[in-house]
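So this first bit is one chain, no partners, the form predicted alone, shown in structure tokens.
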């Protein structure tokens, strides 16, 4: 009986990881629509990509560019969008503030003729491109992971109908982390020396919001915030911060300052005289750039992302294809984001009857309506939009159904040559948590 049940559960899990929803067949959907479609014009569909191609965010920006290029090739091989080929045009936001971000977005529309904007994340207020898109009446897809988007769109849907965040906001990181470490302790996987959490954050709103969300809820989970430190960017000398950590000796160290190069230096310097602390690094450690710089010091590190490549055939096939195209040191976690965003946009535009033009909102609104209705399964999981905030639902934070939300992934680096292994949530885990080598059993 038990063996039969286990077999059935295993088959069900494999089926879920292999199968999917509407988005998995986006190439097939496009091909079917293209068979009977008459091209709207001979001109290509220009998709503008305002990306951080230089500066502190360049490691991700390059991956975002590659993800778009790969998706465009696949879409074009299937006949484009109703017979029109997709052309990606980029503009460098230089890892800058709203002035540079706005200028890049506006150039893509007015100079290059972009009919839509697609990005990963950009620095700044995280509301600049929503306003560019609203003024030009185009669809804008991004993964800023920002509460600012949620607030903006929810409060003024009439203006921001075309802006979609295809991942959840950063606020979910706080209680997801607290849930995670409590589970490790409750299940006996971790025996922390104390209940103290030391938080190190950076100057950006994203980092600060995550740090504050952990701080505000820690006591509810039985933890205390013993240190709250803010560093500037970039940070290469971690000496002053590490001195405070070594004096505090917390059971948990959380670094929400997410620049991979800065995190690498933190780990190298931390391991010169480590405390008996579980170390969690926000997002940056998910990138190959972090492991390249940190080397052996990366092993044992925990990180999380609410948008990242999962386990299962869909994700593994994408990762293999992506790494084969861009090299072993490329980061599928980054490239997958814009890759699936462009596939989602192309599918929605085809189903809506075509892509709209800038400053002519009627057709773009039809595309936006299709996006709101979509349940799209890609390499990072399921994109299903909250109808009010136009952000993706989070699994298991907002929904307990993995087929209706994007997974909040916790991973641990086991080998410096490899991406981290997913240790949570079910059904995506590929490995078990291991006590880092610097911690005492």
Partner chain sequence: MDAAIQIIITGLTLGAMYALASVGLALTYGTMGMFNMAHGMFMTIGAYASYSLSSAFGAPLPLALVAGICAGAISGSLLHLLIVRFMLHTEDFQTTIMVATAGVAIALQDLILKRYGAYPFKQPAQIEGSFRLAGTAISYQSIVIVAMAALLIGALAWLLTYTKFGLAIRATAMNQDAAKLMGVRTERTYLQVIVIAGVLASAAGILISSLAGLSPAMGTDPLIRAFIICVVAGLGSVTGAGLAAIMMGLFEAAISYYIGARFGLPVMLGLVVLILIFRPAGLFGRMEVVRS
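Fair warning: this is a prediction, and the values are worked out from it, not measured in the lab. Residue numbers count along the first chain shown, from 1.
A second form of this protein, the form predicted in complex with its partner chain, is not displayed here; the remarks below concern that form.
Stretch 237-245 is the answer when you ask which of 298-306, 346-354, 333-341, 237-245 has residues with heavy atoms within 4.5 Å of its partner chain in the predicted bound form. Only one of 46, 389, 59, 70 lies close to its partner chain in the predicted bound form, with a heavy atom inside 4.5 Å, and it is 59.
With the partner removed from view, the residue among 184, 314, 358, 293 that has a non-hydrogen atom within 4.5 Å of its partner chain in the predicted bound form turns out to be 293. Mapping the unseen interface onto this chain, residue 231 counts among the residues with a heavy atom inside 4.5 Å of its partner chain in the predicted bound form. Contact check for residue 54: a heavy atom falls within 4.5 Å of its partner chain in the predicted bound form. Residue contact check for residue 191: none of its heavy atoms lie within 4.5 Å of its partner chain in the predicted bound form. Taking the partner from elsewhere, residue 329 is found to have a heavy atom lying within 4.5 Å of its partner chain in the predicted bound form.
Each of 261, 273 and 288 places at least one heavy atom within 4.5 Å of its partner chain in the predicted bound form.
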